[in-house]
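Only one chain is shown below, in structure tokens, and it's the form predicted alone.
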Amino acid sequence: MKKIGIYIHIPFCIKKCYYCDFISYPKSRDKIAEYIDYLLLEIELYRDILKDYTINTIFIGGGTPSCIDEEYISKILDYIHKNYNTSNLEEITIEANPGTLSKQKLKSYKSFGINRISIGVQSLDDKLLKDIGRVHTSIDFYRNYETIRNLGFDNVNVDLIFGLPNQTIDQCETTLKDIIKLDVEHISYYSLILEDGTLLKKRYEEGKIDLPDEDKERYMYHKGVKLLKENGYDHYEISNFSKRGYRCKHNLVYWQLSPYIGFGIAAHSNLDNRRFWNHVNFENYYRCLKYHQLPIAGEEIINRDMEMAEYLIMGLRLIEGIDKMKFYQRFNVSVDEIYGDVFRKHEEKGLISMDENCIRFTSLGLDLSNLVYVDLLP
């Protein structure tokens, strides 16, 4: 059977972080219960569509999945097991905020078969956390991390953000070193992006906050890469690092352009050369499901040219780059025949490294990847 990944969107938070532009809403027990009921309806509607697939990964994201009662997470996972082939399920991840976890929730997650916890730490500097609107402190993280380990979870990711308002290089480096000391299996190390409509961007445009300049932000990135590699982490994707054997299987679904289905409001899917996305508000999402219709707001057919371009764009995010033979096996044409001129152009600029087997970004190319991506689009 063909493998597929599942993403579950839980659109509730205690409070929206100042940098976040994801679809999320304040938590309310009544709203959560209603949402889960409709979410289960959507999951059921896909049963026949996915009858020839086996679920390989499940990722429960948000929002803040850990802010809702564990009974709802149980319902979702039970329903997936009931409706789909999960005999080859390898990885179930749940995103968690240290300010919304508890020992009871973590014990329940373990009993549900969740085997990967992704913790949104962002920084271990409490002032920086407050400045970006996080609802937890560094002590919350350490307390929950100890519980996670004591309960036997052996696959933990920590999300960190660099380039925060007024963040110094020393603050960035100290957080990284402290996380490395914990020997977590996976670290996601992202640069802050000021997204439209966020409070942080509004404050920046009003001159109320200062951000590290580009040179300082890039130094933070490359210093982080160096630290992580020196401490045994495999730099396998632009912003992701893992101990051996702990790459995120679900994210690899995206980066390798494999099929996935997203359940919940605003969730995206990619299936059979078709990309589609759900309604972003409760009203439209619920209205479709009441009439047993898929809550799809829009779609895009991915033709062969676009599929090749996206395969390269996503694949180049991986440090090992594009395997030329795998490209040929998928598209029955040589990557050099279609994109040779583009890659040679950027090889001359020092952004791309090529040999007879692979195409990958150089260190400079990782910083200037958008210059290459633009030339790959049809």
Partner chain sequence: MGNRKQNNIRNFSIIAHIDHGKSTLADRLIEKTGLLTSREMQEQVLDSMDLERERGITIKLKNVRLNYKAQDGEEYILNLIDTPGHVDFNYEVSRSLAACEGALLIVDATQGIEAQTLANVYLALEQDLEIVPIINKIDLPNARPDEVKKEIRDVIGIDAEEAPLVSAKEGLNIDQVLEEIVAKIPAPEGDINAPLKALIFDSYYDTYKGVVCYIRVFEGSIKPGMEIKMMSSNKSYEVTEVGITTSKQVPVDILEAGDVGYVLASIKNVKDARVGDTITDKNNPTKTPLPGYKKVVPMVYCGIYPAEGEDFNSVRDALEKLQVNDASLVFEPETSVALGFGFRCGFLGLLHMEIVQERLEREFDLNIVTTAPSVIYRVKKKDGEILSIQNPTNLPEETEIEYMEEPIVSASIMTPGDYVGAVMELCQNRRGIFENMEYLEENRVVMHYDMPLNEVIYDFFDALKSRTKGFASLDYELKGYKQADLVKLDILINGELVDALSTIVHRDKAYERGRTIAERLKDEIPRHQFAVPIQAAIGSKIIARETVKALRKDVLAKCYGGDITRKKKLLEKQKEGKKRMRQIGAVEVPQEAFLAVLKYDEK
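Every value quoted in this text rests on a predicted model; they were computed, and no experiment measured them. Numbering follows the first chain given and starts at 1.
Below, we refer to the form predicted together with the partner chain, which is not included among the displayed structures.
Trainee: Indicate whether the candidate residues 22, 214 and 371 are all in contact with the partner chain in the model of the complex, with contact defined as any heavy atom within 4.5 Å.
Mentor: Spot residues vs the partner chain: full contact, yes.
Trainee: Which among 130-138, 78-86, 171-179, 303-311 is in contact with the partner chain in the model of the complex, heavy atoms within 4.5 angstroms?
Mentor: Single hit among the candidates: 303-311.
Trainee: Counting non-hydrogen atoms within 4.5 angstroms of the partner chain in the model of the complex, say which of 246, 72, 254, 204 makes the cut.
Mentor: Selected option: 254.
Trainee: Could you spot which one of 147, 191, 155, 108 gets a heavy atom to within 4.5 Å of the partner chain in the model of the complex?
Mentor: By the 4.5 Å criterion, the partner-contacting residue is 191.
Trainee: How about residue 279: is it within 4.5 Å of the partner chain in the model of the complex, going by heavy atoms?
Mentor: No, residue 279 stays farther than 4.5 Å from the partner chain in the model of the complex.
Trainee: Taking heavy atoms and a 4.5 Å cut-off, does residue 233 contact the partner chain in the model of the complex?
Mentor: Residue 233 lies outside the contact set for the partner chain.
Trainee: Would you please decide whether residue 351 lies within 4.5 angstroms of the partner chain in the model of the complex, comparing each non-hydrogen atom pair?
Mentor: Answer yes; at least one heavy atom of residue 351 falls within 4.5 Å of the partner chain in the model of the complex.
Trainee: Quick one: does residue 364 come within 4.5 Å of the partner chain in the model of the complex, counting heavy atoms only?
Mentor: Because a heavy atom of residue 364 falls inside 4.5 Å of the partner chain in the model of the complex, the answer is yes.
Trainee: For the stretch 61-82, I need every residue with any heavy atom inside 4.5 Å of the partner chain in the model of the complex, listed N to C.
Mentor: Stretch hits, in order: 61, 62.
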